[in-house]
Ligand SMILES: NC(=O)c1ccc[n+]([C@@H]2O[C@H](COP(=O)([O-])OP(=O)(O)OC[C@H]3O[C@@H](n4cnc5c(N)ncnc54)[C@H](O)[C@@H]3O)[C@@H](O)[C@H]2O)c1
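Take a look at this single chain, the form predicted alone, given in structure tokens.
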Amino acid sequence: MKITVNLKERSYDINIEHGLRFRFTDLVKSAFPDTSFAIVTNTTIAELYKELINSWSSELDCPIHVVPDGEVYKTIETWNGILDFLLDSGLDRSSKVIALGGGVVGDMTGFAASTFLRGVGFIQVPTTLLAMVDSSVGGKTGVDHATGKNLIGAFHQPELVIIDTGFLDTLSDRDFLSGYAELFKYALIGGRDMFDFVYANHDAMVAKERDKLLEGIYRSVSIKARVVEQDEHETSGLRALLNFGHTFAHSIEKYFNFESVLHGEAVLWGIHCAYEMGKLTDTVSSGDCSLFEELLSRMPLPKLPQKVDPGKILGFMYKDKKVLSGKLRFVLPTDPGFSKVSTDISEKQVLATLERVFP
């Protein structure tokens, strides 16, 4: 399966196939002949796929840099370490940096590539479901700051994305379901066809049935690619739809210091918050509530480490990059498969929503 993200001179292909990692070096040599490479990965992937990474390094004659695994390490310090590695590797402006890992690796490596020698190309090889359906596509790169998530970064599109669902075989059930929350999100923004597809095939995808999961990934990435083509830098409001549940989710992650709650787990809580806000503000028609609630009931909410203080969650929201002119932006469901961006939600309504979800 192949999807092209059409961005004129910055267009790129997304290849999706089970077992694609075994043809990776041939693919990149063909796409980028006479090019030097460098690989950035994390400690978990470096251990799980030691032989594979070493073979890539040998066949591409490229160095490897390993960063710590986890959102807590998505920092300026880790990003600076990647830049030190690239500077020490003797690469030039025609070189390509390969990001092998989940969203943290992809975001930091892409950001390093955007600033190294004022910008070099990079290749995304996502190893988690979350990165496959979300962060590996679209060019959002960056690191977290003590005050909030992804507050430092740049738009820097990859030049190639290689999605091999074989990497999911070593993913824990918790990490898989965290990533699936991002796929599940597309049921609420990707149109009625996507809503119906997830509604009908949820159990098969959660059970990791290969064909259905491949189709779910393909559909999700296709939806994101079309949105990115129309609103690459999130200026028209269309791309903001991809943030369904994320205004809540990022604040939940911050509340737990990016440590004990995974991004997708926070997104799932955020999805439920967005639905509750949709009911509270009447963006969801009463006739559709049962259909929404049937779908949402299929994804049980993960347990949180401790009771949540709604007031603190609200406070963190105002430090999120999605705040526009001092107003919070929310993506709220309207009809099955469709949502809209809203900036006219009062603080009282936000707090009421949080109190419903976190009584």
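We number the residues from 1 along the sequence you see. Remember, it's a predicted structure, so these values are computed and weren't measured experimentally.
The same protein also exists as the form predicted together with the named molecule; that form is not shown, yet it is the one meant from here on.
Practice problem: Choose from 120 to 128, 215 to 223, 82 to 90, 270 to 278 the stretch whose residues reach within 4.5 Å of the named molecule in the predicted complex, heavy atoms counted. | Solution: Correct option: 120 to 128.
Quiz item: Just one of Val40, Met317, Val28, Ile45 has a heavy atom within 4.5 angstroms of the named molecule in the predicted complex, so which one?
Solution: Comparing distances to the named molecule in the predicted complex, the residue within 4.5 Å is Ile45.
Quiz item: Does any heavy atom of Gly103 come within 4.5 Å of a heavy atom of the named molecule in the predicted complex?
Solution: Gly103 belongs to the contact set for the named molecule.
Quiz item: With the partner left out of view, is Ser135 within 4.5 angstroms of the named molecule in the predicted complex by any non-hydrogen atom?
Solution: So Ser135 counts as contacting the named molecule.
Exercise. Decide whether Thr170 counts as a contact residue for the named molecule in the predicted complex under a heavy atom distance cut-off of 4.5 Å.
Key: Thr170 belongs to the contact set for the named molecule.
Quiz item: Hey, in the predicted complex, is Phe32 touching the named molecule, heavy atoms inside 4.5 Å?
Solution: Heavy-atom contact with the named molecule at 4.5 Å: absent for Phe32.
Practice problem: For the stretch 57 to 85, return the residues whose heavy atoms include at least one within 4.5 Å of the named molecule in the predicted complex, in the order they occur. | Solution: Result: Asp69, Glu71, Lys74.
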